[in-house]
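What follows is one chain in structure tokens, specifically the form predicted on its own.
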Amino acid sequence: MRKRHFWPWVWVVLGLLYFFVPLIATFDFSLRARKGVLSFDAYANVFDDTFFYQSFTFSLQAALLTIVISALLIVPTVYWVQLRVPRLRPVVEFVTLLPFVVPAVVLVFGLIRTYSSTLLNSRAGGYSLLVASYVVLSFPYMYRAIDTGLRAIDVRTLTEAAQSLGASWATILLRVIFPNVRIALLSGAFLSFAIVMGEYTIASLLAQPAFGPYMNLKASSAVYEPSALAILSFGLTWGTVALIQFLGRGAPGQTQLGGVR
């Protein structure tokens, strides 16, 4: 019995060391911008850089827009497939797995080749193409999170109950389905957010001022600031996780049908 309790803790400790020792070393290195003294000069230099705020705000807006578009595309699709055409589920799963098969560099070169004379001629067109690419990259994560959430509830019964109360399809989606997949949607949104904030290939080849290319530029032109950016990115990720946990508090998986008219 003691051995059974001992080995799981060994693997937990090894896992924590594997993840946190490099993080601690990176944080320690980021504090050595001033010779012989531990200081936050590297962080101050990052925050004093106007390009940091511009790139971060740009990627933040792109991430939020990606999450909204992905949710509006995938939730109705998964709901309709599960309710009406379950035989198409393997086809939808295959389509959402294509971002794993097609590398990002191949995707962006195809987009540049196709839209170089149209969308890429304007700043708004390039931004739209970037967001559309991020929506495609988020498909595997958003789809599986939402599909798991919808399969955990009785979609058919909720739909029939809402229809018996006179609800339209739009009302069912907005006031019944979306609230019941809130936790799953937040999980997919977090993964999509993390992907967009750290993405480099598509943003750089489309010449967009995103956070990923900014971090890469700092890594090639500075010494301590890239480590500070890595720590800030890690803190941002964990802050997002904490926000999702806060917003997702409640009774996950509990079906509800309230306020339908």
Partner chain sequence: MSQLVQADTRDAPGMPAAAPRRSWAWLGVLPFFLFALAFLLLPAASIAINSFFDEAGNFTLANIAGLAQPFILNSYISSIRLSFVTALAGGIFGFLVAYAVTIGGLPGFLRAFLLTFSGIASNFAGVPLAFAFISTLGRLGLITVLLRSGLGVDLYRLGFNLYSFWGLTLTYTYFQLPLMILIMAPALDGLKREWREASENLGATNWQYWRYVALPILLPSLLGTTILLFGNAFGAQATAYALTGGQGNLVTILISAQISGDALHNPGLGNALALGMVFVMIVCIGAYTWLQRKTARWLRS
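Residue numbers count along the first chain shown, from 1. Basically, rigid core = biggest C-alpha set you can superpose within 1.5 Å across the two forms. In this text the structure is predicted, and so the values were computed from the model without any measurement.
Below, we refer to the form predicted together with its partner chain, which is not included among the displayed structures.
Answer yes if any heavy atom of residue 84 is within 4.5 Å of a heavy atom of its partner chain in the model of the complex; otherwise answer no. Yes, residue 84 sits close enough to its partner chain in the model of the complex that at least one of its heavy atoms falls within 4.5 Å.
Touches its partner chain in the model of the complex: residue 51 (any heavy atom, 4.5 Å): Output for residue 51 is no: heavy atoms all beyond 4.5 Å of its partner chain.
Tell me, yes or no, whether residue 29 is in contact with its partner chain in the model of the complex, where a contact means a heavy atom of each within 4.5 Å. Flag for residue 29 set to yes.
Taking heavy atoms and a 4.5 Å cut-off, does residue 208 contact its partner chain in the model of the complex? Contact check for residue 208: no, nothing within 4.5 Å of its partner chain in the model of the complex.
Option touching its partner chain, based on a heavy atom within 4.5 Å in the model of the complex, out of 157, 121, 148, 114: Flagged contact: 114.
Sequence-ordered list of residues in 75-97 near its partner chain in the model of the complex, where near means a heavy atom within 4.5 Å: Stretch hits, in order: 76, 77, 79, 80, 81, 84, 85, 88, 91, 92, 95, 96.
Could you check, with the core superposed, whether the Cα atom of residue 163 shifts 2 Å or more between this form and the one not shown? It does, since the residue 163 C-alpha is displaced 2 Å or more between this form and the one not shown after the core fit.
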